[in-house]
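Okay, here we've got a single chain as structure tokens, the form predicted on its own, with questions on binding and movement later.
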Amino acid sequence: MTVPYRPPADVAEARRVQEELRSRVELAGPGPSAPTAVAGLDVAYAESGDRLAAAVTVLDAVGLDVVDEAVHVGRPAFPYVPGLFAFREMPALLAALDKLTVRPDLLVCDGHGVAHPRRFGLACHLGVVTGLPAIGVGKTPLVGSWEQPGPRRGDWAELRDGDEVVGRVLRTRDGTRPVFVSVGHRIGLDEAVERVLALTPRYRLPETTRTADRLCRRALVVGGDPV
């Protein structure tokens, strides 16, 4: 069941929306047993901060080739407020998703899911609004404490916020900095980690994130929508 996106009028309403919708997040899946199309979502900002490009790339889950892509150039939809970053980007990301011709089985967000102060980060919000399984893969943590995982690819440690496990600190390449994986919607944490490892055969960040990052940065350079 999807939930229509509702832009908040102010910070108080944005926090109420997060509190209201987090009960709709499905933390245990089942998730796609064998996804064929996996989407990466990323947003780039102009140096002025008043323009953004939201990109979605859809990759074949086996060969990791891009099979579809879309981008939307616009303006941030909400002020910069820690913990409410999703509201700046959601309208543009949803507009880009609407342009796709290939429907993804899984969304991989450059951001966080339940590893969020109100357990409702960007990956959760996108998952609940679209109804699609979603994972958050952050470069840096937003909340929580952890110990360093082992040095080898696939090693991980729990990301904990108080007494609650909110994600995993995952080593995707030998000897590189880890990434921070959390559930967004309709997928379990074990499966989320498995999917992230499948998307990182050569680099620290998932291929979904890398391709979406290139697309949104290129859109800002040309000043428009390239697709």
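Quick caveat, the model's predicted, so the values are computed rather than measured. Numbering starts at 1 and runs along the sequence shown.
Not on display, but discussed next: the form predicted together with the DNA.
**Q** Indicate whether the candidate residues D42, G121 and T140 are all in contact with the DNA in the predicted complex, with contact defined as any heavy atom within 4.5 Å.
**A** Yes, the whole candidate spot contacts the DNA.
**Q** With heavy atoms only and a cut-off of 4.5 Å, decide whether G83 touches the DNA in the predicted complex.
**A** So G83 counts as contacting the DNA.
**Q** In the predicted complex, does D50 have a heavy atom within 4.5 Å of the DNA?
**A** Outside the cut-off, so no.
**Q** Determine whether any heavy atom of R217 comes within 4.5 Å of a heavy atom of the DNA in the predicted complex, and answer yes or no.
**A** Flag for R217 set to yes.
**Q** Indicate whether G111 is a 4.5 Å heavy atom neighbour of the DNA in the predicted complex.
**A** G111: yes, in contact with the DNA in the predicted complex.
**Q** So if I measure heavy atom distances to the DNA in the predicted complex, which of the stretches 67-75, 84-92, 148-156, 97-105 falls within 4.5 Å?
**A** This holds for exactly one stretch, 84-92.
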